[in-house]
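Shown below, as structure tokens, is a lone chain in the form predicted on its own; questions about how it binds or moves come after it.
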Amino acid sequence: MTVQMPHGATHAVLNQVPPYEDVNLFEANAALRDAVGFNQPTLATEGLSALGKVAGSAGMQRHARLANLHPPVLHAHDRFGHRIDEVEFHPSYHVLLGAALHQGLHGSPWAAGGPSHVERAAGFMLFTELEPSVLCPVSMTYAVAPALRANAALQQAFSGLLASPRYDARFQLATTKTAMTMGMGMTEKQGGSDVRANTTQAWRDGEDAWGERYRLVGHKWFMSAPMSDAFLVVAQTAAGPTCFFLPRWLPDGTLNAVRIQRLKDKLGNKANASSEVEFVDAFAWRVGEEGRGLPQILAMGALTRLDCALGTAGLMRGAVSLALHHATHRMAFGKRLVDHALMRNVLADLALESEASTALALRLARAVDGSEDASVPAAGREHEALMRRLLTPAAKYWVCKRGSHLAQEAMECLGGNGYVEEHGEGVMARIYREMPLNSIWEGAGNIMALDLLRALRSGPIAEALAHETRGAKGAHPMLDRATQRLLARVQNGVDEIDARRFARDLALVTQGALLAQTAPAPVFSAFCESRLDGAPDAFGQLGASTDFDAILRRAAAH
């Protein structure tokens, strides 16, 4: 095509792709809809559809851009010299966080009449496509809320606020607000994942309406979302690592001695504040028994690890949607990008990865529902508890590992346009910077692999896996062979040196078994043939017999 340009003009704006906005992200995502239907068939999805419309709107995307373009700012002191330790956020951050709480993505599943964990998980994924940074305090609130059961007084005082959908941005005593969020403070300079090495000390200071009160002295190398109303932190007592409820404001209305030293300058997650703090005789209340902090941390970590898998799956879907949208509108060499054979191969492969990750993450959310619901028969609860214990590290490991690879390949689909930030307009670049976080946060790859080895000792795992994959038996010979190999390894034992490989294979077999029951035949077959007979190493290597049309139609459904 020959373009006629006005005399003196240097260029015309041609062949540019319109923004991907005002799309109902739930209705556009057939894989998510089918995964929700499989894991909770009776769920009415009108609420998820409404959230999908909000999350995909141009107005909310503008808030996401502004919250990332104007990162939080620390004000350690006011202009008179008083210590205030306050972090200021752009107004768009508060709009986004308020929307997340309004949708019940925080502590609401733990409240009577709240959403199921499956419904909450699907909503969490949809919101991640909009903006993942504000979901850090949301996820921590979700994980901390059930931990307060270990202190009846605290649970009575705060459980309603932790489930409230009425976000309240005011910096004041939580009991005077309409809702609250909570954070977690575990990591210290010298320890990282080794929480036993923590040096923060706690000394008993008496007892009051909230229970046993302590004074804490020490530091935390990472304490994200420092404007949360309270934190669950770990400190050393004479009995060992112990969990404490540490509020920003004390019951008498004075500010607690939590000194925010600085905000971390991170690769991504720009809208969220991550801080380094010190406790200078800060007051905190014990949650659970002295010396029993590590089991409590592991219980909370299991829930935030679920959110790592959900968040990455949501980011994957966002990246795939942008790549498909771009390829559908962009012309190259005389035809649309999506009509070129190699591009179709890449896009279809990315779509397979996104759907498989969605299926696995939602299955893990169902395991939380099944293991927490007292109305489920004992045998069913036992199976769901085993699958929850097993799939948490496996899903967190594999989905998050694949996320960064997928984002890089999706970015290539946009070429240089995908790499450009453009004052926050470059959503693909934002996704790419965000992807490594979920793989690192709440335990990096080796921690997940080691935790999976411990999970193999938690019960009759081989029998549970055989039961879990029974519904897909005979669906594809490659899946049958991969399942048998996996079961044999469980029965023979897995060495530490092989733990990462086992985590990958467990995730792949589980994904295959799920897709056999939720996905159309072309998706399921392509997944098995591209992933179960050897380690996937790069995207865009699907066989020529793949039904690319069917896979791309499903991924691009609007």
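Remember, it's a predicted structure, so these values are computed and weren't measured experimentally. All residue numbers are counted from 1 along the displayed sequence.
Not on display, but discussed next: the form predicted together with a small molecule.
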{"item": "Close approach of residue 472 to the small molecule in the predicted complex, 4.5 Å, heavy atom", "value": "no"}
{"item": "Any non-hydrogen atom of residue 191 within 4.5 angstroms of the small molecule in the predicted complex", "value": "yes"}
{"item": "Interface membership of residue 222, the small molecule in the predicted complex, 4.5 Å heavy atom rule", "value": "yes"}
{"item": "Any non-hydrogen atom of residue 140 within 4.5 angstroms of the small molecule in the predicted complex", "value": "yes"}
{"item": "Listed range touching the small molecule, judged in the predicted complex by heavy atoms within 4.5 Å, from 338-346, 181-189, 402-410, 165-173", "value": "181-189"}
{"item": "Of 84, 478, 157, 450, the one that lies within 4.5 Å of the small molecule in the predicted complex (heavy atoms)", "value": "450"}
{"item": "Heavy atom within 4.5 Å of the small molecule in the predicted complex - the one residue of 255, 462, 440, 298 that qualifies", "value": "440"}
